[in-house]
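Let's start with one chain on its own, the form predicted on its own, as structure tokens.
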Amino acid sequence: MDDQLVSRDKPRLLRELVEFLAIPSISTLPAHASDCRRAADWLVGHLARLGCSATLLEGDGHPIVWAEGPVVAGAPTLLIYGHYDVQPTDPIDEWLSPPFQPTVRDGRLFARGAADDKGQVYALIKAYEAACDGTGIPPLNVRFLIEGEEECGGHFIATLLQEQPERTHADAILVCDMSYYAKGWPAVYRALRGICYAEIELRTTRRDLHSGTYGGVAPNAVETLCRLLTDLKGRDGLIAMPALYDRVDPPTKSELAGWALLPFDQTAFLHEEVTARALVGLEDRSVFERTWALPTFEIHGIRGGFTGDGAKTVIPAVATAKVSLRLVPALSYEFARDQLREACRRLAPDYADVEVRFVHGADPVEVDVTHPAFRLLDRAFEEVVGRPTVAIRAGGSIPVVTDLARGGAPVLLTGIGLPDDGLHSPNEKLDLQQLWDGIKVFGKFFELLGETRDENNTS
């Protein structure tokens, strides 16, 4: 293993990452389809230069990067998953520097995708480079599966893995798309919430109406939609779908006890991470329970009426809201979808027509963190950063994890980000020390896993 890669080549490593981050691979916007392909091509070229056989897998959506390192007979096989697509940059005027002109400030690299997930994918690729010997041979069999639709709910990777399940045949699967629990506290994740993402469209009249002539009698679609949305979740944070709570599989007493031992400063969490003046939600539940172990309902945007410059006095006929439910263990996407559709029909007034269109979804994930591979990851983190991982849950979703796990390999959900990285927000960043440490941690993990050669390996 090249222990000096980071200390010797920091300028080159940073230059390469900046080049990768500068590609505006926003998967949800059709105008950036060519940029998504450019990002995929960048990865193929980079992995090929490291001695991997790398190619693009084409299908109904943005291409998937598939790469394999040289075959190492008798060694275990590690499948690495990541994604090269990124979120949109809105609101653009809140960025202190352009989102696709990566900028270093105070030891932090600011750019869209810096932490989610291009920076973490890059750390894994550089860890692979560091782990290879002088002839380019790694200590184990490594395969890369890097998709371009994680941020837009695309179905290409799910279809691919259903049709070609052999791609998930491995001794371990590494997903580096997460963060430390806190600075200095690396983590592995034992559960991810699922998601049910939908558009609620509500119509009250056949056409927009003049507000002077019909104001006071004509039903307003935006107003009616807003009332429906507030009926779906009360001020106390309780979702008006009681069947969801009835099915929740709560955390165990031992898990709750473990959470109680984690360092947590609620004031710092409020001001530095949430950046608000108050926390909301179910006040009788802890912050960990609200963000990790209970379903949520969020409104992401509302469209309707006149929103341009100037004035236009209309009563809107149609309004649409983008919403999502986050799902916890025992709450399937299918069940949540049915509950949301029924609740909208029940709560909408008789004079309104409501349609719920489901955009994408995924079931929640639970991970058994007792597999020996997790102990090796602990050793790698402890050797490099001085502390093993803590096992926690995540509030976010990675839909493909369920498909990756079907082959029976343990899925190690971890990452090098920090809670304040601003994922999906303006001024997303990655602390450079996290990047340098991450390259060393995962290089060491590859080395340790490569030492576990036995007859049970899948290679």
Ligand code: BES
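Numbers for residues come from their place in the sequence shown, where the first is 1. All values reported here derive from a predicted model rather than from experimental measurement.
From this point on, the text means the form predicted together with this ligand, which you will not see here.
With this ligand omitted here, the record of contacts in the predicted bound form names 144-152 of 127-135, 144-152, 312-320, 369-377, defined by a heavy atom within 4.5 Å.
When contacts are judged by a 4.5 Å heavy atom cut-off, residue 396 counts as touching this ligand in the predicted bound form. Although the partner is absent here, residue 49 lies well away from this ligand in the predicted bound form, with no heavy atom inside 4.5 Å. Residue contact with this ligand in the predicted bound form: residue 171 places no heavy atom within 4.5 Å of it.
With a 4.5 Å cutoff on heavy atoms, residue 424 counts as touching this ligand in the predicted bound form. This chain lacks the partner; the member of 341, 190, 247, 360 within 4.5 angstroms of this ligand in the predicted bound form by a non-hydrogen atom is 360. Here is the short version: of 200, 365, 80, 195, the single residue with a heavy atom within 4.5 Å of this ligand in the predicted bound form is 195. Although this ligand is not shown here, in the predicted bound form the stretch 311-328 places heavy atoms of just one residue, 326, within 4.5 Å of it.
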